[in-house]
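Here you get one chain, nothing else, as C-alpha coordinates; it is the form predicted on its own.
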Amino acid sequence: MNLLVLPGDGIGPEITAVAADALRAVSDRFRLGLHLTDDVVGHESLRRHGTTVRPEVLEAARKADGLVLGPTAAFEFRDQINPSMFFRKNLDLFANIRPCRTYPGLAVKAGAFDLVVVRENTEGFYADRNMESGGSEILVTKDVAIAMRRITRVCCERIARAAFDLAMRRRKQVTIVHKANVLKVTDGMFLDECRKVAKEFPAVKVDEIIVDAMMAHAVRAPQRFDVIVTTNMFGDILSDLTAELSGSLGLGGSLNAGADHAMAQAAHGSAPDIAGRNVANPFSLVLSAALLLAWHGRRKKLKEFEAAASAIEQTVEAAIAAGEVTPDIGGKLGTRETGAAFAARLRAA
(Lines give C-alpha, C1' and ligand atoms only; values in the text may rest on other atoms or scores of the structure.)
Protein backbone atom coordinates (compact mmCIF):
# COMPACT_ATOMS: atom_id res chain seq x y z
CA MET A 1 0.00 0.00 0.00
CA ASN A 2 1.47 3.34 -1.09
CA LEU A 3 0.63 6.29 1.15
CA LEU A 4 1.23 9.97 0.50
CA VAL A 5 2.01 11.80 3.76
CA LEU A 6 1.54 15.57 4.00
CA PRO A 7 2.41 16.95 7.49
CA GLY A 8 0.63 20.31 7.15
CA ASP A 9 0.96 23.29 9.50
CA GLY A 10 1.16 24.10 13.21
CA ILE A 11 1.21 20.86 15.20
CA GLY A 12 0.79 18.93 11.94
CA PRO A 13 4.46 17.87 11.53
CA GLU A 14 4.63 16.75 15.18
CA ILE A 15 1.56 14.52 15.15
CA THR A 16 2.14 13.31 11.58
CA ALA A 17 5.58 12.02 12.60
CA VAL A 18 3.89 9.95 15.33
CA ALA A 19 1.24 8.63 12.92
CA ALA A 20 3.92 7.71 10.38
CA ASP A 21 5.92 5.82 13.03
CA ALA A 22 2.75 3.97 14.06
CA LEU A 23 2.08 3.01 10.45
CA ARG A 24 5.62 1.70 10.03
CA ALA A 25 5.34 -0.28 13.26
CA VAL A 26 2.04 -1.89 12.34
CA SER A 27 3.31 -2.54 8.81
CA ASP A 28 6.24 -4.50 10.24
CA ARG A 29 4.01 -6.44 12.62
CA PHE A 30 1.38 -7.41 10.05
CA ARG A 31 3.66 -7.46 7.00
CA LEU A 32 1.56 -4.89 5.17
CA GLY A 33 4.36 -3.59 2.96
CA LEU A 34 3.42 0.05 3.53
CA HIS A 35 5.45 2.58 1.57
CA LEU A 36 5.24 6.19 2.82
CA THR A 37 6.14 9.12 0.56
CA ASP A 38 6.43 12.60 2.09
CA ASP A 39 5.59 15.92 0.45
CA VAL A 40 4.48 19.37 1.60
CA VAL A 41 1.30 21.47 1.56
CA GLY A 42 0.28 24.60 3.45
CA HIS A 43 2.79 27.14 4.72
CA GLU A 44 5.84 25.02 3.92
CA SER A 45 4.67 24.57 0.32
CA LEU A 46 3.91 28.28 0.09
CA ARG A 47 7.42 29.08 1.30
CA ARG A 48 9.10 26.65 -1.10
CA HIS A 49 6.87 26.81 -4.15
CA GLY A 50 4.68 29.92 -3.88
CA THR A 51 1.44 27.96 -3.50
CA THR A 52 -0.17 25.93 -0.71
CA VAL A 53 -0.85 22.93 -3.01
CA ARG A 54 1.03 22.08 -6.22
CA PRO A 55 -0.77 20.25 -9.07
CA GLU A 56 1.76 17.41 -8.90
CA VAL A 57 0.78 16.72 -5.28
CA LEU A 58 -2.80 16.11 -6.41
CA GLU A 59 -1.54 13.71 -9.08
CA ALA A 60 0.52 11.89 -6.47
CA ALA A 61 -2.56 11.63 -4.25
CA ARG A 62 -4.58 10.17 -7.14
CA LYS A 63 -1.93 7.53 -7.78
CA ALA A 64 -1.47 6.60 -4.11
CA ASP A 65 -3.58 4.04 -2.26
CA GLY A 66 -4.29 6.58 0.46
CA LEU A 67 -3.42 10.00 1.80
CA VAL A 68 -2.43 11.10 5.32
CA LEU A 69 -2.99 14.83 5.77
CA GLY A 70 -1.86 16.67 8.88
CA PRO A 71 -3.82 19.70 10.11
CA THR A 72 -3.50 22.77 7.91
CA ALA A 73 -3.95 26.47 8.64
CA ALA A 74 -7.07 26.80 6.50
CA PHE A 75 -8.31 30.06 8.03
CA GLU A 76 -5.06 31.80 7.09
CA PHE A 77 -5.26 30.81 3.42
CA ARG A 78 -7.91 33.26 2.27
CA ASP A 79 -6.02 34.04 -0.94
CA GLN A 80 -4.57 30.54 -1.31
CA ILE A 81 -5.86 27.00 -1.73
CA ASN A 82 -7.23 25.34 1.38
CA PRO A 83 -5.45 21.94 1.22
CA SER A 84 -8.14 20.06 3.12
CA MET A 85 -10.94 21.35 0.91
CA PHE A 86 -8.79 20.87 -2.18
CA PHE A 87 -8.31 17.13 -1.67
CA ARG A 88 -11.87 16.54 -0.51
CA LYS A 89 -13.24 18.21 -3.62
CA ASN A 90 -10.77 16.96 -6.24
CA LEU A 91 -10.76 13.37 -4.98
CA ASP A 92 -14.55 13.44 -4.37
CA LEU A 93 -14.18 12.40 -0.73
CA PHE A 94 -17.88 12.69 -0.01
CA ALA A 95 -18.07 10.80 3.29
CA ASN A 96 -16.41 12.15 6.42
CA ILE A 97 -16.44 9.30 8.95
CA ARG A 98 -15.78 10.42 12.53
CA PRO A 99 -15.94 7.73 15.25
CA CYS A 100 -16.17 8.88 18.86
CA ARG A 101 -15.86 6.56 21.85
CA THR A 102 -14.85 6.62 25.47
CA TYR A 103 -11.89 4.74 26.93
CA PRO A 104 -11.51 2.87 30.24
CA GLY A 105 -9.45 4.88 32.69
CA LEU A 106 -10.25 8.23 31.09
CA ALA A 107 -12.67 10.34 33.11
CA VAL A 108 -15.68 11.61 31.16
CA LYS A 109 -18.82 13.47 32.19
CA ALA A 110 -21.44 11.88 29.95
CA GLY A 111 -20.78 8.17 30.58
CA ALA A 112 -19.41 5.50 28.27
CA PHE A 113 -20.44 5.60 24.61
CA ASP A 114 -19.37 4.47 21.14
CA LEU A 115 -20.82 6.26 18.11
CA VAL A 116 -19.90 7.44 14.62
CA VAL A 117 -20.84 10.71 12.93
CA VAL A 118 -21.18 10.28 9.16
CA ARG A 119 -20.94 13.74 7.65
CA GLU A 120 -21.56 14.77 4.03
CA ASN A 121 -18.30 16.32 2.88
CA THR A 122 -18.68 17.96 -0.53
CA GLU A 123 -21.51 20.50 -0.38
CA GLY A 124 -23.69 22.30 2.19
CA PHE A 125 -23.02 25.76 3.60
CA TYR A 126 -19.28 25.62 2.97
CA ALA A 127 -18.57 28.32 0.41
CA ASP A 128 -15.67 26.47 -1.22
CA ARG A 129 -17.84 23.45 -2.10
CA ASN A 130 -20.84 25.11 -3.69
CA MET A 131 -19.80 26.56 -7.05
CA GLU A 132 -17.81 25.45 -10.08
CA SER A 133 -16.25 28.92 -10.08
CA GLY A 134 -16.69 31.92 -7.84
CA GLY A 135 -17.87 31.91 -4.26
CA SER A 136 -21.20 31.24 -2.62
CA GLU A 137 -20.67 33.99 -0.07
CA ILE A 138 -21.70 37.35 -1.44
CA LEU A 139 -21.08 40.80 0.05
CA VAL A 140 -24.10 42.68 -1.25
CA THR A 141 -23.14 45.91 0.48
CA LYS A 142 -20.51 46.54 3.14
CA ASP A 143 -23.20 45.79 5.72
CA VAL A 144 -25.09 42.93 4.05
CA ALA A 145 -23.68 39.46 3.31
CA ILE A 146 -25.44 36.42 1.84
CA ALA A 147 -24.35 32.76 1.98
CA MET A 148 -25.90 30.14 -0.30
CA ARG A 149 -26.22 26.45 0.48
CA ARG A 150 -26.12 23.71 -2.14
CA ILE A 151 -27.85 20.38 -1.44
CA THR A 152 -28.21 17.72 -4.16
CA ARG A 153 -30.08 14.44 -4.23
CA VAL A 154 -27.05 12.48 -5.38
CA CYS A 155 -24.92 13.68 -2.46
CA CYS A 156 -27.71 13.08 0.04
CA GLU A 157 -28.31 9.58 -1.29
CA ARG A 158 -24.68 8.49 -1.22
CA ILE A 159 -23.95 9.80 2.29
CA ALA A 160 -27.11 8.09 3.55
CA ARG A 161 -25.98 4.84 1.93
CA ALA A 162 -22.54 5.15 3.52
CA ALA A 163 -24.20 5.57 6.94
CA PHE A 164 -26.52 2.58 6.54
CA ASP A 165 -23.73 0.38 5.22
CA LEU A 166 -21.67 1.29 8.29
CA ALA A 167 -24.61 0.65 10.63
CA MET A 168 -24.89 -2.89 9.27
CA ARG A 169 -21.33 -3.52 10.52
CA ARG A 170 -22.12 -2.02 13.92
CA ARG A 171 -25.29 -2.03 16.06
CA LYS A 172 -27.79 -1.48 13.23
CA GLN A 173 -29.07 1.92 14.28
CA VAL A 174 -29.03 5.20 12.31
CA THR A 175 -30.03 8.64 13.57
CA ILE A 176 -30.80 11.19 10.85
CA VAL A 177 -29.99 14.72 12.05
CA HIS A 178 -31.57 17.61 10.15
CA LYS A 179 -33.34 20.99 10.33
CA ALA A 180 -36.15 20.23 7.89
CA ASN A 181 -38.66 22.02 10.08
CA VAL A 182 -37.03 25.32 9.01
CA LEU A 183 -34.85 24.46 6.00
CA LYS A 184 -37.80 22.80 4.33
CA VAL A 185 -36.35 22.52 0.82
CA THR A 186 -32.69 21.67 1.44
CA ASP A 187 -32.91 19.61 4.61
CA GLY A 188 -36.25 18.34 3.36
CA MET A 189 -34.43 16.86 0.37
CA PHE A 190 -31.75 15.38 2.64
CA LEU A 191 -34.39 13.81 4.87
CA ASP A 192 -36.32 12.41 1.90
CA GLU A 193 -33.22 10.73 0.46
CA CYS A 194 -32.24 9.26 3.83
CA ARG A 195 -35.74 7.81 4.21
CA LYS A 196 -35.54 6.27 0.73
CA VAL A 197 -32.25 4.57 1.50
CA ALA A 198 -33.55 3.41 4.89
CA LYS A 199 -36.21 1.32 3.14
CA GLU A 200 -33.40 -0.79 1.63
CA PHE A 201 -32.11 -1.64 5.14
CA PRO A 202 -35.07 -3.08 7.06
CA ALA A 203 -32.73 -4.52 9.72
CA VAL A 204 -31.61 -1.01 10.72
CA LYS A 205 -33.54 0.95 13.32
CA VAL A 206 -33.97 4.59 12.24
CA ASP A 207 -34.82 7.74 14.15
CA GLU A 208 -34.86 11.41 13.17
CA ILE A 209 -33.80 14.32 15.37
CA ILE A 210 -33.71 18.07 14.69
CA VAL A 211 -30.13 19.33 14.98
CA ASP A 212 -30.54 21.72 17.90
CA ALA A 213 -32.29 19.04 19.95
CA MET A 214 -29.57 16.61 18.90
CA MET A 215 -26.91 18.70 20.61
CA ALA A 216 -28.81 18.39 23.89
CA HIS A 217 -29.34 14.64 23.43
CA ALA A 218 -25.66 14.10 22.60
CA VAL A 219 -24.58 15.78 25.83
CA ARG A 220 -27.27 14.18 27.98
CA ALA A 221 -27.09 10.59 26.70
CA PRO A 222 -24.55 9.93 23.90
CA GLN A 223 -24.76 6.17 24.59
CA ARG A 224 -28.18 6.02 22.92
CA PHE A 225 -26.59 6.64 19.49
CA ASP A 226 -24.78 4.35 17.06
CA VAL A 227 -24.42 5.89 13.57
CA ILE A 228 -25.43 9.53 13.06
CA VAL A 229 -25.83 10.87 9.52
CA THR A 230 -26.14 14.55 8.71
CA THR A 231 -25.17 17.36 6.36
CA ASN A 232 -21.79 19.06 6.19
CA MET A 233 -21.86 21.91 8.70
CA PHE A 234 -24.10 20.12 11.21
CA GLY A 235 -21.77 17.12 11.11
CA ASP A 236 -18.68 19.26 11.55
CA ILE A 237 -20.06 20.83 14.72
CA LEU A 238 -21.62 17.67 16.13
CA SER A 239 -18.50 15.54 15.67
CA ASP A 240 -16.33 18.07 17.52
CA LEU A 241 -18.83 18.00 20.37
CA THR A 242 -18.89 14.20 20.58
CA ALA A 243 -15.09 13.97 20.32
CA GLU A 244 -14.72 16.33 23.27
CA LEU A 245 -17.29 14.30 25.21
CA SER A 246 -15.05 11.26 24.71
CA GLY A 247 -12.28 13.00 26.63
CA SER A 248 -10.50 15.26 24.14
CA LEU A 249 -10.72 16.52 20.60
CA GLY A 250 -7.27 14.94 20.35
CA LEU A 251 -9.00 11.54 20.30
CA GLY A 252 -11.21 12.38 17.32
CA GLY A 253 -10.22 10.21 14.36
CA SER A 254 -11.50 11.15 10.93
CA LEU A 255 -11.57 9.53 7.51
CA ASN A 256 -12.54 11.31 4.29
CA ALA A 257 -13.64 8.58 1.89
CA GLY A 258 -14.91 8.39 -1.66
CA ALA A 259 -15.47 5.61 -4.16
CA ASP A 260 -11.80 5.40 -5.18
CA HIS A 261 -9.77 7.47 -2.72
CA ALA A 262 -9.52 8.10 1.03
CA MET A 263 -7.68 10.53 3.26
CA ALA A 264 -6.83 10.19 6.94
CA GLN A 265 -7.12 13.56 8.66
CA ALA A 266 -7.30 14.54 12.32
CA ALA A 267 -10.66 16.02 13.31
CA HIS A 268 -9.01 19.08 14.85
CA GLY A 269 -7.10 22.05 13.46
CA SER A 270 -3.44 23.04 13.35
CA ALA A 271 -3.39 24.61 16.87
CA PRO A 272 -0.61 27.14 16.18
CA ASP A 273 -0.68 28.26 19.82
CA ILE A 274 0.91 24.97 20.93
CA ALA A 275 2.95 24.19 17.81
CA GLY A 276 6.52 23.18 18.55
CA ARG A 277 5.90 22.73 22.28
CA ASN A 278 5.75 18.91 22.19
CA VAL A 279 2.38 18.80 23.96
CA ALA A 280 -0.09 18.00 21.14
CA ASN A 281 -2.08 14.78 21.42
CA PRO A 282 -1.18 12.69 18.34
CA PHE A 283 -3.91 10.07 18.72
CA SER A 284 -6.49 11.80 16.50
CA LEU A 285 -4.26 11.37 13.46
CA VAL A 286 -3.11 7.91 14.60
CA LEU A 287 -6.73 6.77 14.82
CA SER A 288 -7.42 8.40 11.45
CA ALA A 289 -4.58 6.36 9.96
CA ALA A 290 -6.20 3.23 11.39
CA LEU A 291 -9.46 4.15 9.66
CA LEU A 292 -7.54 4.48 6.38
CA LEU A 293 -6.02 1.01 6.77
CA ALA A 294 -9.44 -0.48 7.53
CA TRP A 295 -10.97 1.26 4.48
CA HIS A 296 -8.23 -0.15 2.25
CA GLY A 297 -8.65 -3.62 3.77
CA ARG A 298 -12.40 -3.73 3.16
CA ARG A 299 -12.02 -2.35 -0.35
CA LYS A 300 -9.31 -4.83 -1.35
CA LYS A 301 -10.59 -7.70 0.84
CA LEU A 302 -7.29 -7.79 2.76
CA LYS A 303 -7.98 -8.98 6.30
CA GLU A 304 -4.48 -8.12 7.51
CA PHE A 305 -5.18 -4.41 6.98
CA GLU A 306 -8.36 -4.59 9.02
CA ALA A 307 -6.46 -6.50 11.73
CA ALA A 308 -3.76 -3.82 11.71
CA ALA A 309 -6.39 -1.11 12.11
CA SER A 310 -7.90 -2.94 15.08
CA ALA A 311 -4.44 -3.32 16.62
CA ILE A 312 -3.88 0.45 16.44
CA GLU A 313 -7.23 1.13 18.09
CA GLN A 314 -6.56 -1.44 20.83
CA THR A 315 -3.10 0.02 21.42
CA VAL A 316 -4.58 3.51 21.85
CA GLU A 317 -6.87 2.04 24.52
CA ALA A 318 -3.93 0.32 26.23
CA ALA A 319 -1.80 3.48 26.12
CA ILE A 320 -4.59 5.51 27.72
CA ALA A 321 -5.09 2.90 30.43
CA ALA A 322 -1.34 2.94 31.16
CA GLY A 323 -1.16 6.74 31.24
CA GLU A 324 1.30 6.85 28.33
CA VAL A 325 -0.39 9.94 26.95
CA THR A 326 -0.22 13.70 26.64
CA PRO A 327 -1.43 16.17 29.32
CA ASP A 328 -4.81 16.90 27.68
CA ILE A 329 -5.99 13.42 28.73
CA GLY A 330 -4.20 13.24 32.05
CA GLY A 331 -0.73 12.07 31.05
CA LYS A 332 2.70 13.56 31.49
CA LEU A 333 4.39 12.60 28.23
CA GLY A 334 5.20 14.89 25.33
CA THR A 335 4.06 14.27 21.78
CA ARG A 336 7.31 12.56 20.78
CA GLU A 337 7.44 10.45 23.92
CA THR A 338 3.81 9.40 23.53
CA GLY A 339 4.57 8.38 19.96
CA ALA A 340 7.68 6.40 20.93
CA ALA A 341 5.81 4.53 23.66
CA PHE A 342 2.94 3.85 21.28
CA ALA A 343 5.15 2.46 18.50
CA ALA A 344 6.95 0.26 21.05
CA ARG A 345 3.61 -1.14 22.25
CA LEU A 346 2.56 -1.89 18.67
CA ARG A 347 5.78 -3.75 17.94
CA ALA A 348 5.80 -5.67 21.21
CA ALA A 349 2.24 -6.97 21.01
Ligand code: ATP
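All values reported here derive from a predicted model rather than from experimental measurement. Start at 1 and count along the sequence shown; that's the residue number.
Below, we turn to the form predicted together with adenosine-5'-triphosphate, even though it does not appear here.
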| item | value |
| --- | --- |
| 4.5 angstroms heavy atom contact with adenosine-5'-triphosphate in the predicted complex for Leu191 | no |
| Any non-hydrogen atom of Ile11 within 4.5 angstroms of adenosine-5'-triphosphate in the predicted complex | yes |
| Distance check, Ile274 to adenosine-5'-triphosphate in the predicted complex, heavy atom within 4.5 Å | yes |
| Partner proximity in the predicted complex: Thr72 to adenosine-5'-triphosphate, non-hydrogen atom cutoff 4.5 Å | yes |
| Heavy atom within 4.5 Å of adenosine-5'-triphosphate in the predicted complex - residue from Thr122, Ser270, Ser84, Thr175 | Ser270 |
| Selected contact from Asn281, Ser288, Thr315, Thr52, since only one has a non-hydrogen atom within 4.5 angstroms of adenosine-5'-triphosphate in the predicted complex | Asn281 |
| Candidate stretches 247-255, 142-150, 99-107, 203-211 - the one whose heavy atoms come within 4.5 Å of adenosine-5'-triphosphate in the predicted complex | 247-255 |
| Heavy atom contacts to adenosine-5'-triphosphate in the predicted complex at 4.5 Å, residues of 320-347 in sequence order | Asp328 |
